[in-house]
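Shown below, as structure tokens, is a lone chain in the form predicted alone; questions about how it binds or moves come after it.
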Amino acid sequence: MRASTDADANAFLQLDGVSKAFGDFHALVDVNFTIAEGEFICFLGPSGCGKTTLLRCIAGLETQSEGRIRMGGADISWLPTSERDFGIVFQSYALFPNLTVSDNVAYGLVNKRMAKPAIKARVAELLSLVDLSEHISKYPGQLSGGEQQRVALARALATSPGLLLLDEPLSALDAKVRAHLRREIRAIQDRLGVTTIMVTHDQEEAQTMADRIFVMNEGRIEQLGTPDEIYNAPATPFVADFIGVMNFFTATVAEGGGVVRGDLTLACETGGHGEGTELNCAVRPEDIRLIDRDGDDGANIIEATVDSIEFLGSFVRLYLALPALGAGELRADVRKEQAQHLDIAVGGTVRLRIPPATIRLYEAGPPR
């Protein structure tokens, strides 16, 4: 990962060599990045990868062991939380149960000793923004989970912070409410232009909301890029395995190019790896093409046995056995209409093609 430099003058938020240790455990290891003003960023990764610790360091709720944090050109590395310009929304909402919606949203404004008429106008503006004007006099216990989360968002935005931090804000909600709120939050962020960082372990959430995704693993940023880049060009086996669904199998570079495993030979670009090099081959299920018995005689035609079938709405997922893969399986996603047309059934055989350009190669070894 490239280290940030003082030359990153256009960065709104910049981290240089940030690390965090708890005794012998290193939660963050040499984190470097810049974020432009107005960007919506997602820290994405499994539990324990360091994403929440990183957010807390930016907020000043944790102090980094090493490194510097700059915001708006100023070094905030050692500033107390109260002096950092951010609003935060927690997974638990953290609303005051004894205060009305209006008073919860106004809390930060009262602490800043804003005039009462200005507070009233600001609260009304924000509750209109999050579509809660009719609930102004209710208490949190009278609201649904989604409504409480919108109150928390309005409260975080009340003081017009330069940075909005969202710590898994949707994880406690059911799937339909999450899908609705992620669109609302993104629309509000677009409208206000506030720089936003959201922590999530939900890849769909990150892919639908973020301008850029920072995929984290073991305290490091494994890859950062747009949702399209992260999905279609994963830089490491970990990213390929964590984002979406991916088939992995090992093979060696064949004489003259391509890869081979037992009786299975696949044409693909080997990226300069020498003959005999063992590699991890990765193919997404949706890239595998099923073909008719008498159709398509191009490269990488394979016959496989259908071990099992999962029905997933608009498509079906086939679990395919190939002798060359031993006990391993190959997953293929097929439109349900095509599965019906080909009369696919458990125990039957299918003919498939793996387009050479869809095969990604990584150095051998398990995803880190």
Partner chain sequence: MTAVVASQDRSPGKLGLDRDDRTVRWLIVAFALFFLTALLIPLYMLISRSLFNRQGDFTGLANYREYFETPALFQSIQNSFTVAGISTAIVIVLAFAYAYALNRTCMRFKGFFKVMAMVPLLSPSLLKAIALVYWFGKQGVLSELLFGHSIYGPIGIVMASVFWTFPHAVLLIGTALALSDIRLYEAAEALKTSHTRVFFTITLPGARYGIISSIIVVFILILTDFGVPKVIGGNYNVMATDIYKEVIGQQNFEMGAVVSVVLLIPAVIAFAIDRIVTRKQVAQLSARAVPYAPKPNRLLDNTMLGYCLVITVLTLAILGMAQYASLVKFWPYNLELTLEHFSFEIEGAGWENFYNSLKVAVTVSLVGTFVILLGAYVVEKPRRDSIPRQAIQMVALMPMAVPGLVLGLAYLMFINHPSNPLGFLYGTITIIVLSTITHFYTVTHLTATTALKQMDREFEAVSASLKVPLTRSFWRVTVPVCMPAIFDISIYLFLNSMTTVSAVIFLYGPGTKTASVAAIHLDDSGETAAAAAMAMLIVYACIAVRVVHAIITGWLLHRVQAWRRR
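Between two forms, the rigid core is the largest collection of C-alphas that superpose within 1.5 Å. Numbering follows the first chain given and starts at 1. Since this is a predicted model, take the numbers as computed values, not measurements.
Just so you know, the form predicted in complex with the partner chain exists too; it's not on screen, but the next bit is about it.
Quiz item: Any idea which of 27-35, 334-342, 55-63, 317-325 reaches within 4.5 Å of the partner chain in the predicted complex, heavy atoms considered?
Solution: Answer to the contact question: 55-63.
Quiz item: With the cut-off set at 4.5 Å between non-hydrogen atoms, does residue 101 touch the partner chain in the predicted complex?
Solution: No, residue 101 sits far enough from the partner chain in the predicted complex that none of its heavy atoms falls within 4.5 Å.
Practice problem: Spell out, yes or no, whether the shortest heavy atom distance between residue 108 and the partner chain in the predicted complex is within 4.5 Å. | Solution: Residue 108: yes, in contact with the partner chain in the predicted complex.
Quiz item: Should residue 88 be classed as touching the partner chain in the predicted complex when contacts are defined as heavy atoms within 4.5 Å?
Solution: Output for residue 88 is yes: heavy atoms within 4.5 Å of the partner chain.
Quiz item: Closest heavy atom of residue 220 to the partner chain in the predicted complex, within 4.5 Å or not?
Solution: Heavy-atom contact with the partner chain at 4.5 Å: absent for residue 220.
Exercise. Would you kindly say which of 81, 133, 236, 226 lies with a heavy atom within 4.5 Å of the partner chain in the predicted complex?
Key: Exactly one listed residue reaches within 4.5 Å, namely 81.
Quiz item: If you check 247, 189, 203, 77 against the partner chain in the predicted complex, which one has a heavy atom within 4.5 Å?
Solution: Filtering the options by heavy-atom distance leaves 77.
Quiz item: Quick check: do 94, 97 and 141 each get a heavy atom within 4.5 Å of the partner chain in the predicted complex?
Solution: Per the other structure, all of 94, 97 and 141 touch the partner chain.
Quiz item: Core-aligned, is the CA shift for residue 113 between this form and the one not shown 2 angstroms or more?
Solution: Yes, shifts by 2 Å or more.
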